[in-house]
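Quick heads-up: it's one chain on its own, the form predicted on its own, in structure tokens.
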């Protein structure tokens, strides 16, 4: 297989990262709250890579991940991902005992939810690997971040390619690591539908040549849902989708009562926010999901073309993200959300909308 220039996509200086990895004895890998495929993929990919190097590493996610991602975890029970909501003391003990903490797929420590203060209190060196806008670089010792990639998993792929032990040869990447990298990229691009760069296809081609079963991974991740989840999706499109022609927008709300009715599991609403964008007139789509404890509303935003939902999320929804994909939170009752969303659309200035 032809070797690639590992810095072809961007200038990646892995000197500091390699030095930190070489000296570290207890590494903790942390993703964000409400983990998606990119969070799970990047955390598990990093773990598999470090394991192959003989390093001791632990994985922590603040909250449960979609069941469709379970196959990315290591086989050994002692190597399982620690979910902070379920094992808070274990998670905090691991953070306190680490000499190197690597946060993946988050631009702010607040996205680690329960672990933010523990991470700040730790004396460990802190590394950030991320692809979101406005990375909180001042809270980390080393930051590898760019928005010019499809996903954190794509960035991590090129970082791994630049490491001395891989030296630009994807054949040296372990298959389990390669699978995690592919899944994160595949899910964050909605199976190559958005946020795709030319080098995203280069990454995919190299991983497939390495031995990744593209069709097999798509089936595991995208064709594994339950009957109740499929019925929920139908309910959302038929009964909950509201189209606001005046604003070329659409939205859906998902309550805890509806979750209970359709036996909702983490990850079941993945992709719902993209459904209204199949309508030619819809340029902005929103999904508002009631959190399980009812304390806030989770906001997911998607857009087409030049419309900047990152700015929209930052201004109106206590969040942010990417140009065409962002998220946030609202601290109002679910029944007040429709009026709030329509008012936000009306107040959204064009200089932010098309920036």
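Numbering follows the first chain given and starts at 1. All of these numbers come straight from a predicted model, not from anything done at the bench.
Form predicted in complex with a small molecule: not shown, discussed below.
Q) Exactly one of 60, 307, 27, 326 has a non-hydrogen atom within 4.5 Å of the small molecule in the predicted bound form; which residue is it? A) The residue from 60, 307, 27, 326 that makes the contact is 326.
Q.
Can you work out whether residue 125 and the small molecule are in contact in the predicted bound form, taking contact to mean some heavy atom pair no more than 4.5 Å apart?
A. Heavy-atom contact with the small molecule at 4.5 Å: absent for residue 125.
**Q.** Contact label in the predicted bound form: residue 66 to the small molecule, heavy atom within 4.5 Å
**A.** No, residue 66 is distant from the partner.
Q.
in the predicted bound form, is there a heavy atom of the small molecule that lies within 4.5 Å of any heavy atom of residue 322, even though the partner is absent here?
A. Residue 322 belongs to the contact set for the small molecule.
Q) Does the small molecule come within 4.5 Å of any heavy atom of residue 132 in the predicted bound form? A) Yes.
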